[in-house]
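In the form predicted on its own, a lone chain appears below as structure tokens.
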């Protein structure tokens, strides 16, 4: 899974750039299919509920803001007691399409991922037991959990399962590029089509492919040239202990990439054009001209899809039995 990909490179933009071949390395995003609306609604409440944190201030939406492309647009997130997070917060949008969760893939799925931040002292700063105690103290939550899971007692497995069910609905279909893939030849202009052809010819689709345009492999950051960063993250090596896995990270999705700046695991680059230039040089050994960078950037902006749209959940009020938040010290 972690073997480097050898790339065949070319910069030729041919007339085929302006047709829509049937076999493309990128597939359209499919709309979410909801099979248990009550579970999704419960997960939505939990996603927005800051009482799952020790401070009573940080929710899942704090770092994965659904008004900001599912991220927080910061180099690294702000955690409990204003702690600086160790790594850039990846978007939650289309995260259900990832082969694993987190930059290093340490969580197998969204359910496993959802439990991590709650108990992380640098993130939400709570414990699973205390988070469940908060929910158990609120009658409306007890009723909702019983309706969905058929049990009188709430547990962390139910909490993370519900959050994951909501996050699975956070897909962004019907981007202009998806419309083009489906046959609308007017969905993209000449520069955007040229950018897509370059994206393929340069070799970007070796890693950025599939419906998420990424998220389905792990690659070394700095394959041709080393990536200079002050960020201490080791990538997959932090899990395996193997030096060969150092700086190997999950390839991020490029869906909605226009919205999810700053870029890379260290959040070092704020401009999409700069990110394109860096990736071409460090990963592919190519020095692109400014026009080529502009065309690829234009293509990448066509990957912005329909953003999740729903009524904000009204959270049930705390009771006299609800443990009080501890926002300071």
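Computed from a predicted model, the values in this text were never measured in an experiment. Positions refer to the first chain, counted from 1.
Note that the form predicted in complex with a further copy of the same chain isn't included here; everything after this is about it.
With the partner left out here, a further copy of the same chain still marks one of 28-36, 275-283, 57-65, 288-296 in the predicted complex; by a 4.5 Å heavy atom cut-off that stretch is 57-65. In the predicted complex, residue 23 stays away from a further copy of the same chain, with no heavy atom inside 4.5 Å.
Not displayed here, a further copy of the same chain is kept clear of residue 197 by more than 4.5 Å at the level of heavy atoms in the predicted complex.
Mapping the unseen interface onto this chain, residue 261 counts among the residues with a heavy atom inside 4.5 Å of a further copy of the same chain in the predicted complex. When a further copy of the same chain is considered in the predicted complex, residue 81 lines it closely, a heavy atom lying within 4.5 Å.
Contact check at 4.5 Å (heavy atoms) against a further copy of the same chain in the predicted complex: none of 102, 172 and 238 pass.
Although a further copy of the same chain is not shown here, in the predicted complex the stretch 291-325 places heavy atoms of 307, 308, 309, 310, 311, 312, 313, 314, 315, 317, 318, 320, 324, 325 within 4.5 Å of it, in sequence order.
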